[in-house]
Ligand code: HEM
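Next up: a single chain in structure tokens, the form predicted alone.
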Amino acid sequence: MRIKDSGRKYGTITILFHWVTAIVMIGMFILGYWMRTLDYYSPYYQSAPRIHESIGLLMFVFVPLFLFWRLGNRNPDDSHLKDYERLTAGIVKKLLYLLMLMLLVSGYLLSTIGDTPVQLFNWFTIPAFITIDESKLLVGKIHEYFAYILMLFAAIHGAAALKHHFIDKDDTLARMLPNLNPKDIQETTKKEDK
């Protein structure tokens, strides 16, 4: 398996970045949604937000690394896509990257309102480098809406990948799966068409 992306397939590092980011962001959404159901007497009332904040801080490093990696690598050939598919795929990917960054920034601002430092898994404390005096409720709502919008675009992105795989029978999804060779998809499709 290649480390860097090629004209046929994404490389190992891109695939790793993609799936770790997807799993963590979906997991963070589920954790954040569940946290809203906790009352003061829940044993997780204090710990769940700290876990959410700590993972968010790690993603504050991970997501920009992912973006820098993507900028330094070419995309596999997408000439098999229709013009509108190529355009919408590019827009949705850019919106996903932008929404992830906005979600991370709004989460950090939410955690540091009132110049409150953030703990990273009780390993060490990160001071509030940027602080705002806005209402915690307002910033929390902004963070929440970014999360819902991100999940909407992630669902669109996932649905499009599945459409390419199962309906169009092309190698779009195979290029982002670690153990599936795009050539295997083409050969399977040819056999099914006979």
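All figures in this text were calculated on a predicted structure; none of them were measured in a lab. Position 1 is the first residue in the sequence shown; the rest follow in order.
Although not depicted, the form predicted in complex with protoporphyrin IX containing FE is the subject of the following passage.
Heavy atoms within 4.5 Å of protoporphyrin IX containing FE in the predicted bound form belong, among the stretches 34-42, 147-155, 50-58, 122-130, to residues of 147-155.
By the 4.5 Å heavy atom rule, the three marked residues Phe62, Thr112 and Ile142 all fail to count as contacting protoporphyrin IX containing FE in the predicted bound form. None of the heavy atoms of Lys136 is located within 4.5 Å of protoporphyrin IX containing FE in the predicted bound form. Put simply, Leu104 is far from protoporphyrin IX containing FE in the predicted bound form: not one heavy atom of it is within 4.5 Å.
At least one heavy atom of Leu162 is located within 4.5 Å of protoporphyrin IX containing FE in the predicted bound form. None of the heavy atoms of Lys169 is located within 4.5 Å of protoporphyrin IX containing FE in the predicted bound form. Residues of 101-115 are not found to place any heavy atom within 4.5 Å of protoporphyrin IX containing FE in the predicted bound form.
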